[in-house]
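To begin, one chain is listed below as C-alpha cells, in the form predicted alone.
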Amino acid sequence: MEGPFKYIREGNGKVTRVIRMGTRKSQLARIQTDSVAEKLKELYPDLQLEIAAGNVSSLLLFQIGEKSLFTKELENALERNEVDLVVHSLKDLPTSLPPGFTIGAVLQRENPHDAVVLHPKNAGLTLDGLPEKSVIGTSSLRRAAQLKKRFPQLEFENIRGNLNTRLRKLDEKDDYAAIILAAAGLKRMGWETRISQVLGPEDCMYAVGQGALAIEVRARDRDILEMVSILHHPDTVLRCIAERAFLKQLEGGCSVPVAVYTEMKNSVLYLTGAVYSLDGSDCLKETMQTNIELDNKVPESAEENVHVGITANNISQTALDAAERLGVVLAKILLSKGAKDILTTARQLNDAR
C-alpha cells in the first residue's frame, strides 16, 4: 500500500490503516491518552490498532518530548505522518493552531476547578485556617494573582515540575504549607484523597480549557476527523469555544493572569472572564450570557466550521457561532475598560523576572 500512512495486511488479504497516537512522557499524559484510547476502542471495536511500548491500550504511543517542548514536537510528528492524532490537555493548546492542524474532539470536561493539597502536617485545614505567612506553592500566574487578592495573609511562591514532582516537593520538605493543583489532574491520577479543598469561582476562577481533553489531528485527514468527532461533548465544546475566543481576543496566554468561569443552564451559556495584575491588586471582571439555539445549520466551507482551532461538524453551527461571539464580545468589553494595559504590564513584569 503506497502513501505516508501505516497499514497492516490481515490474513484474509484485507488491508487496514493503523491508527497511531502521540503523547509525552509524563504519567498524567499517559493516563489521559489511555483514557481516550479506551473510548475509541469501545466505539470502534473492529479497528485495527497497533501495540507498542508495551501493552498500552492496544495503541501505538510515541513518547515525544517534555512539557516545555511537547506540543511542538507532537505537531511535528503529526506533520511527518508519524502519528495520526495527539491527546492534549486543552488548556495547553494555543487558541490559534498552526496551519494544517485542528482539534477534532473535545471530551467531556472533568472538574475544571483548582484544588488545595496540604502538607501532611496541616491535614484538616483550609487556606483560611493556615497560619499567617504560610507559603503556598503554585506554578500558575493566574492562580497566584487571584489567591493573593483573596488570601493576603498568605505568601505565594513558584513551584515547578509535573504532578508527581510537585507532590514530592510538598511532602518531603517543609518549604510549602500547601500547593495548588488542577482538581482534574489529581482525579485522573487517582489522588482525589489528597484534595483538601476545591476552590470555587469566588476564590479562584480557572484557566481557559482547564479540565478538558482535546484530540489534535491533521485537518486534511477527514476520516480521522470523522472518527474522533463522536467524542465531542457538546456542552464542553461550547463552553471551551467561548473561553478560547475570550482569550484569543485578549491576546492573552500563559504569561498573563487570565481566568474564566463558564456554565450552561437551560440552553443559556454564561461566561465570566477576568484579567489580573500579577499581584492581584488590579482586576477587571465581567459576566455575559447568550442563548444557545440548536439547529441543523451546516457550514458553507471547512474554514467556516473551525472555531478557535476546534472543528465540530456534529454540533449546531448556530450554537458554535454564538459561543465564539460571546467570548469575543466579553473580551472587547474588558479591553474597553483597560484590560490591555493590565495585561501588558503583567507580561512585561513577568518577562523581566
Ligand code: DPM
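Numbers for residues come from their place in the sequence shown, where the first is 1. Since this is a predicted model, take the numbers as computed values, not measurements.
Note that the form predicted together with the named molecule isn't included here; everything after this is about it.
Only one of 248, 166, 119, 194 lies close to the named molecule in the predicted complex, with a heavy atom inside 4.5 Å, and it is 166. Contact annotation: of the candidates 188, 148, 232, 218, the single residue with a non-hydrogen atom within 4.5 angstroms of the named molecule in the predicted complex is 188. With the partner omitted here, the stretch from 194-202, 91-99, 236-244, 127-135 that lies within 4.5 Å of the named molecule by heavy atoms in the predicted complex is 91-99.
In the predicted complex, the named molecule lies within 4.5 Å of some heavy atom of residue 140. At the 4.5 Å threshold, heavy atoms of residue 207 reach the named molecule in the predicted complex. In the predicted complex, no heavy atom of residue 104 sits within 4.5 Å of the named molecule.
Although the partner is absent here, residue 260 sits far enough away that none of its heavy atoms falls within 4.5 Å of the named molecule in the predicted complex. When contacts are defined as a non-hydrogen atom within 4.5 Å, all of 32, 182 and 211 contact the named molecule in the predicted complex.
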